[in-house]
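Presented as structure tokens, the chain that follows is alone, the form predicted alone.
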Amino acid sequence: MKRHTTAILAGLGLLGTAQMATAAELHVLNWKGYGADEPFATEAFEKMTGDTVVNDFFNSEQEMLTKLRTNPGLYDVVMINAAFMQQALDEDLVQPIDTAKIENYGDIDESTAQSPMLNVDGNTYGVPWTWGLTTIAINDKAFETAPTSIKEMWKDEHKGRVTIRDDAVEAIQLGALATGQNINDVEDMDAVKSSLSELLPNIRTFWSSENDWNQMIASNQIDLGTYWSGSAGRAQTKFNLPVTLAVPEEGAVGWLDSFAISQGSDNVESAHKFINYMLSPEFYTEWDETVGAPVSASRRAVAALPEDAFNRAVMGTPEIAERVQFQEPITDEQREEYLKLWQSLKVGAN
């Protein structure tokens, strides 16, 4: 059971009458440094509601699911990639969301809001929050002009100067793009295996967090690698690193992140308010301009950015949209196949 703070705050005279009736801890599970834990955001939300935001973090979607399984009722709001929502539903880890309580929900494109990955049997289980790309990011010191092909990572001149995330699904999707295949319908796994085998000698190391990737750039250890579009933006904006995002002609992996309310949450009312705030232009413009962010699922939030902002001027262009292949759910059998292949490739590279 969560430790409610109402009595303590009331005793200190820090809550008004209305807030004394409802103030509590709101537990949020998300990636570290991914919007929800920004100090300006937690401060604004706590001032608005009287609740205290308690952030917890994961480094992979599988870790996120494990934390939901092993801590039933602890978390209120959880960020779930839409492609992983079915796993959460299969294990009854999330509950239906009353979108009528989320005023900013109406600013989401209907096709996105009604994604079958987030809506099942007439219920909404995930509210689209942000979307972005897993694609190439480069060290500006290594290039005069950004590369146009994903095969740049395979070139001999980058031996020991490339990084990719140590994630089986992302690795297979990278191999699919490099071999001209659809990331959601990989027909030639042998071609993927061969392509990744050829890439491994160029890999300096694998990354698992933004901090890993940014430190390699800051110390000039890598020329390029796969990265998330929002992370590349933060590397530029927040850390002033020489990073440029490049969307190759072969395409890029698109992902949609949503907010869900976990099963057993005892602060559902505040969870709805938090999701609503995360969709607001007020939150998003400050996040994007002062930290760096992926693209908001809210049309109104994106429209509030300056006209020349990357997430408005570039990410929304038809040229980019045509190259994006959005992730779809994969089965447990596919995930196991990908993991076995990836582990065998890494062992063979050692």
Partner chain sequence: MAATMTQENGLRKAFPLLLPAYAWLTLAIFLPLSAMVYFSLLTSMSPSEQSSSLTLENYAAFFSDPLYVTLLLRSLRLGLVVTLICILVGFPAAYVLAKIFKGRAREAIFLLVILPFWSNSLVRVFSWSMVLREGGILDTALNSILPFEVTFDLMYSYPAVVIGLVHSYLPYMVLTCYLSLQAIDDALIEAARSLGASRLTTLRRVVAPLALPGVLAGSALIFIPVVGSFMEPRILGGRGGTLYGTVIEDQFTAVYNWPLGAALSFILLAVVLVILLVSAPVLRKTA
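Numbering follows the first chain given and starts at 1. Everything numeric here is computed off the predicted structure, so don't read it as measured data.
The discussion below concerns the form predicted in complex with its partner chain, not included here.
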Using a 4.5 angstroms cut-off on non-hydrogen atoms, would D266 count as touching its partner chain in the predicted complex? no
State yes or no: in the predicted complex, is some non-hydrogen atom of M216 no more than 4.5 angstroms from a non-hydrogen atom of its partner chain? yes
Does G180 make contact with its partner chain in the predicted complex, using a 4.5 Å heavy atom cut-off? no
I'd like to check something about D92: if you look in the predicted complex, is any of its heavy atoms closer than or equal to 4.5 Å to a heavy atom of its partner chain? no
Choose one stretch from 232-240, 245-253, 196-204, 103-111: the one whose residues place a heavy atom within 4.5 angstroms of its partner chain in the predicted complex. 196-204
Each of K32, N119 and N123 having a non-hydrogen atom within 4.5 Å of its partner chain in the predicted complex: is that the case here? no
Since exactly one of D98, D140, D166, D188 fits, which has a heavy atom within 4.5 Å of its partner chain in the predicted complex? D166
Looking in the predicted complex, the residues of 37-74 with a heavy atom no more than 4.5 Å from its partner chain, listed in order, are Q62, T66, R69
